[in-house]
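Form predicted on its own, single chain, as structure tokens, below.
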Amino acid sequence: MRALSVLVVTTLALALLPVLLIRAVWGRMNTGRWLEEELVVGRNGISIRQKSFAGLALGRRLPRLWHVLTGEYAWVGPRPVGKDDLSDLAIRDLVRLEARPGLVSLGTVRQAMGIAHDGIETLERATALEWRRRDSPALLVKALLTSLVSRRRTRQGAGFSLFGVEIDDRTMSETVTELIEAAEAKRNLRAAFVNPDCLNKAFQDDNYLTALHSADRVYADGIGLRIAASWHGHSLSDNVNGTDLFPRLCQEASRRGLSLYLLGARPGIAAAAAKAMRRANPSLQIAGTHHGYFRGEQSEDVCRQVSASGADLVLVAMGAPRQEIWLQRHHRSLGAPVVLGVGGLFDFYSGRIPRAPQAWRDLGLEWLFRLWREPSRLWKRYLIGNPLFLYRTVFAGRRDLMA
């Protein structure tokens, strides 16, 4: 592997020689220096004089290829620790010093993709452990591919509008806190998640659009929303999807003594999802479950059952747009302060449908995994719907999307 690293770095340096020279000259002209150095800590506490081109322009980190050549850096690993930050490093973070720093960090890449839901430091520890366990070529390919599809821009504000739908920009942590605090305070909050397929439907369905307009919160779900926002200069803080939110919501509800009601999906699926969450959080209070296969005239009976359960949060999994339209009409009858539509979430946690592996999610390709698993059901949604959404984003949505 060492010989391969030397070969790759040498080849890259030769291929990028004109770029390296231009970047070095730019730094010299604008700062008076060719290079800058920062003292950082590498594997086993070894001091490294980390090299960068002077100035903050693109290509600043290219000289760090030298550290890969010398063996001080790995291709992929945790971020190096600043010398001044070493004393503040928590005991649980010392695992980072057991691995060489990385030219590419999966932690920062996942942050750029909006899926660093557990915090950047937690991901850096995971990166260090992952580097020690797995062979480097596979991990490098994964990190580099992720880097290509990730983009970071300056956050523009608290939300934006797309196709006339006001979308809230929240981190995963902010979303969980908002839902839990509303439930504790008995403050009514109706939330929805939207992905490209949802917005395609809202573009053509006035009832669905009205339901989204009247919701208290509409969260951005998926790589498609991230791309649409970035094209217009808005950086979404996180990919706030119900599937990643659910276990965090259950954990916090368990800690605060709040109860959940799971309504929707096929018979038995909500109960299975509730059982899985109880295994993960033994003190979690499940007020009840009910399938989503009931007729419109049965809605009042279902609402009475949910209200009688005394649930603090009700999660409704009927699929869009049915769940949002149903909640708009019946949320007050449910008796719970917090209600939200969660699509096919229960199918994942019941075990009926497998979740995409983390590598697919890192690359923003969870949709492709789902298409591969269920092509006959999802081909139209993804192969036609995704390009249509991007087309509408560029043309029809241009006048509607604003920071």
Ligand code: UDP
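Sequential numbering from 1, following the sequence displayed. What you see is a predicted model; the values in this text were computed from it and never measured.
The next section is about a form of this same protein that is not shown, the form predicted in complex with the ligand.
K.L.:
Please identify, from 167-175, 262-270, 328-336, 225-233, the stretch that has a heavy atom within 4.5 Å of the ligand in the predicted bound form.
P.N.:
Comparing against the ligand in the predicted bound form, the contact stretch is 262-270.
K.L.:
Find out whether any non-hydrogen atom of G82 is located within 4.5 angstroms of the ligand in the predicted bound form, and reply yes or no.
P.N.:
The answer is no: G82 has no heavy atom within 4.5 Å of the ligand.
K.L.:
Does the ligand get within 4.5 angstroms of any non-hydrogen atom of G71 in the predicted bound form?
P.N.:
Answer no; every heavy atom of G71 is more than 4.5 Å from the ligand in the predicted bound form.
K.L.:
Answer with yes or no whether G310 is in contact with the ligand in the predicted bound form, where contact means some heavy atom within 4.5 Å.
P.N.:
Taking the distances in the predicted bound form, the answer for G310 is no, it never comes within 4.5 Å of the ligand.
K.L.:
Answer for G292 alone: is it within 4.5 Å of the ligand in the predicted bound form, judged on heavy atom distances?
P.N.:
Output for G292 is yes: heavy atoms within 4.5 Å of the ligand.
K.L.:
Assess the spot marked by R190, C250 and R256: is the ligand within 4.5 Å of a heavy atom from every one of these residues in the predicted bound form?
P.N.:
No, the candidate spot makes no contact with the ligand.
K.L.:
Note which of R361, R43, R370, H67 lies within 4.5 Å of the ligand in the predicted bound form, where distance is taken over heavy atoms; exactly one does.
P.N.:
Looking at the other structure, the residue within range turns out to be R370.
K.L.:
Name the residue from A99, I286, L103, M318 that puts a heavy atom within 4.5 Å of the ligand in the predicted bound form.
P.N.:
Selected residue: M318.
K.L.:
Check each residue of 376-390 against the ligand in the predicted bound form and list those with a heavy atom within 4.5 Å, in sequence order.
P.N.:
The stretch 376-390, when checked against the ligand in the predicted bound form, contributes R377, R381 at the 4.5 Å heavy-atom cut-off.
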